[in-house]
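Read the single chain below, which is given as structure tokens and is the form predicted on its own.
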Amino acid sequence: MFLKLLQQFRSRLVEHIDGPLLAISLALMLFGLATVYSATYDANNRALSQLLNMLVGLAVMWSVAQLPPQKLMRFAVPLYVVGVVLLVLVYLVGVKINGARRWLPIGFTRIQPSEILKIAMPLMLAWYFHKYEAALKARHFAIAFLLLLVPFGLIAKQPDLGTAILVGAAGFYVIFFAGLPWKVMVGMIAAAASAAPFVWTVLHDYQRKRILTLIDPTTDPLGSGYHIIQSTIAIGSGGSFGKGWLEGTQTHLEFIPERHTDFIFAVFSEERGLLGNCILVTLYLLLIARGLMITANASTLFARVLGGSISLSFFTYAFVNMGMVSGILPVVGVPLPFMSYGGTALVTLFLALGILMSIQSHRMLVKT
């Protein structure tokens, strides 16, 4: 009797969990946990805190995976509306830290509402296109872009360009998978190129400085160029096979800034070298490929565009983070998925994994 109950419990525990997604994310987590420990060697309680964050994230992933996509749709509009309202409140009464107003006080703690939009944005647009699937017209795409621009503008205004890029990319991927015509995309690229001079004038001083520093970081080696210079030194010094775990000199002599969060890739590269980087990139490619496979087998438009957006969002996270750390993109403050230290961002990523697992495990239960 006991063995039968145990078997039922185990079956229930893994019933809606996608094995490949879980295996890949666990491998990334182990790499991340080891690297966070090394990066915070003198304050290794952060590694324990990160482990707790991972456990919370796994619990969130499991809970969301149990919900069929049609139930997830019910959260789309309320979550989007709540997220936008909270962003407006941040603009009005938010806490300002280091020149950025991104946090909203709620008694004993602070929350960052922009994190909500990383999930709420693709959910909302996926629900919107699913609702009008039978008669999609140009005006529906125009309204979708409007729904995207509202939170994007509010987040960029904080200013938080990194999160704005992630939210904007997640929303754009939904619009793309919904059938955005190529002519419109080419027109948008041309318009963006034409608007570049105007965009330059509205950027904050520190944002313009980051772009100029990308071109030549040596112009301000102890200021805005310091991050890029030190991270590229760390990446290069790792060589082919790395210096070994806990042996990174750039890391432990504290030359690398934000080494356990945004610049954790530099720590990993110094310790694991080119071989470790190849393994890490392969894991991300496998994660994205598995997500796109799930997307291709989805039963509804809602599931397809949402799954596609989440899968390519993992690409955006990894590409932007690795690009800024290696000096080919401006520093915008984007974490490396499942690697960087941080609770809210990690839980958001696991929530996204849970949605993919929900799409995969319930695909045969939804009428086409």
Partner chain sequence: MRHSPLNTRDSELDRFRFRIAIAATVVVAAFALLIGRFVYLQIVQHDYYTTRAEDNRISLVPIAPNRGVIVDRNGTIMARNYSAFTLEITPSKVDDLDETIDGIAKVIEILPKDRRRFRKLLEESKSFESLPIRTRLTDEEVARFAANRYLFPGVEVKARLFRQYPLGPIASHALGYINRINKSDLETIEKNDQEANYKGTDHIGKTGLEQKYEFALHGETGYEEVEIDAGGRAVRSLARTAPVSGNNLTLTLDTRLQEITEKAFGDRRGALVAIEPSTGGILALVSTPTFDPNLFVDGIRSEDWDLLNNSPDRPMVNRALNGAYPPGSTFKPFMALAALELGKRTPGQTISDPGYFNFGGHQFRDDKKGGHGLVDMYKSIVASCDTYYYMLANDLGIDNIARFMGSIGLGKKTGVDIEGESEGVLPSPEWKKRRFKRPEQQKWFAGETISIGIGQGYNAYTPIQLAQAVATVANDGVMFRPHLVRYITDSRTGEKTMIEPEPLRKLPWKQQNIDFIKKAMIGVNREGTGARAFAGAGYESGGKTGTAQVFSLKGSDYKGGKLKQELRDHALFIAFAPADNPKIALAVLVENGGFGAQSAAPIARMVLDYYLLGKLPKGPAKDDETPEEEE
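Positions refer to the first chain, counted from 1. These figures come from a predicted structure and were not determined experimentally.
Another form, the form predicted together with its partner chain, is not on view; read the next lines as being about it.
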The unique member of Val36, Ala65, Val331, Leu312 whose heavy atoms fall within 4.5 Å of its partner chain in the predicted bound form: Leu312
Please identify the residue among Val77, Ile233, Met188, Leu246 with any heavy atom within 4.5 Å of its partner chain in the predicted bound form. Ile233
Is it true that Ala59, Gly162 and Tyr206, all three, sit within 4.5 Å of its partner chain in the predicted bound form, judged by heavy atoms? no
Wondering, does Ser114 line up within 4.5 Å of its partner chain in the predicted bound form on heavy atoms? no
I'd like to know if Thr40 sits close to its partner chain in the predicted bound form, meaning any non-hydrogen atom pair within 4.5 angstroms. no
Although its partner chain is absent from this view, report whether Ser299 comes within 4.5 Å of it in the predicted bound form, heavy atoms only. yes
Heavy atom to heavy atom, is Trp182 within 4.5 Å of its partner chain in the predicted bound form? yes
Interface stretch in the predicted bound form with its partner chain - options 301-309, 50-58, 65-73, 24-32, non-hydrogen atom within 4.5 Å: 301-309
Would you mind checking 254-283 for residues with a heavy atom within 4.5 Å of its partner chain in the predicted bound form? Glu254, Phe255, Phe265, Ser269, Gly273, Leu274, Asn277, Cys278, Val281
